[in-house]
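The chain below stands alone and is given as structure tokens, in the form predicted alone.
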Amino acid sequence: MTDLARLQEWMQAVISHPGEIDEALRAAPGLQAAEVIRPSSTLTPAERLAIYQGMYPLRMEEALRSDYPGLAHLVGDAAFTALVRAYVAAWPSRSYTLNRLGDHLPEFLRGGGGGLRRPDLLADLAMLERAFSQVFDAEETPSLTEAEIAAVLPEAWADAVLEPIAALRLLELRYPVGLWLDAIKAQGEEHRHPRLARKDSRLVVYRRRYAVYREELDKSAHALLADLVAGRPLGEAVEAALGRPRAPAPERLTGWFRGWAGAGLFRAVRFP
């Protein structure tokens, strides 16, 4: 390796090490602190490195707290700090940006990571907040216009495949965790919040005109939209929706489609 690459690898190993600075320096092979770090008037090379090593977990926590404020509030500061340390040890940052650091946190929680109570509830809350983060950062893609929809011949719609915008996520949750986030937003952290009992929740999260929206869907609407997002032709998706138990009336399906198109959830219509 070049001298720069060698120095960078060593520096990263020291700063990201979870132990004390002396332990980190022993674990990072190849260089000695005094070889590459000058002492200051008051600090040794190791002490200067310790400042950055101490900042590393704080920066990880800051990034995850920004993406998961509801989760942090629900579990409390001390438990969230411990959760971040356990999570980062299992899923360390592998990117130049911290925007995607928390992408595996819902699965980590559902598997019992962090040792917290009610892992399924916490994982659902994290899934919703992850969807907000991903939709907020997603590529900006234009939506279908009314003129483009009107240009499709009526008899052609059955074979039409609708491409969703990039800033869209569909969720199936076991708890109505959106109520928790709504309570924090409406009442503030000092007020009492709703107790979250088990109740299935189906959502679509999307961004339009630089604002992120969350919409509750019933089971039939969610299944139909999921089929469309997965690339199933419109005719097949509608036929499947009408064939499910407690199928909605055809006019309801038409209303859903018009609402989703009006909300800008699709960016293109194509024909196989």
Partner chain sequence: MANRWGLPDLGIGIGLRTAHFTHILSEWPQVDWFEVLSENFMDTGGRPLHVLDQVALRYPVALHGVSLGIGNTAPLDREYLGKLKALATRTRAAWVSDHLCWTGFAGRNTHDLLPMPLDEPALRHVTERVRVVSDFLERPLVLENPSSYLEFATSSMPEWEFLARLAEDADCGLLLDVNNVYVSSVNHGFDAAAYVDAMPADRVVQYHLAGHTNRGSHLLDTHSDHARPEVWELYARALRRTGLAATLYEWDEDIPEFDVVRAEAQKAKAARDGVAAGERA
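Positions refer to the first chain, counted from 1. Since the structure is predicted, the reported quantities are computational estimates derived from the model, not experimental observations.
There is another form of this protein, the form predicted together with the partner chain, and it is not shown here; the text below is about that form.
Across the proposed site, 112, 199 and 239 without exception lack any heavy atom within 4.5 Å of the partner chain in the predicted complex.
Contact check for residue 92: a non-hydrogen atom falls within 4.5 Å of the partner chain in the predicted complex. Not displayed here, the partner chain is approached by residue 98 to within 4.5 Å at the level of heavy atoms in the predicted complex.
In the predicted complex, at least one heavy atom of residue 52 sits within 4.5 Å of the partner chain. By the criterion of a heavy atom within 4.5 Å, residue 43 is counted among the residues contacting the partner chain in the predicted complex. Here the chain stands by itself, but in the predicted complex one stretch of 174 to 182, 79 to 87, 129 to 137, 114 to 122, 129 to 137, has heavy atoms within 4.5 Å of the partner chain.
With the partner omitted from this view, the residue of 203, 229, 234, 37 that lies near the partner chain in the predicted complex is 37 [heavy atom within 4.5 Å]. Only one of the listed residues (25, 263, 15, 253) places a non-hydrogen atom within 4.5 angstroms of the partner chain in the predicted complex, and that residue is 15. Contacts with the partner chain in the predicted complex, taken as any heavy atom within 4.5 Å, map within 56 to 76 to 56, 59, 60, 62.
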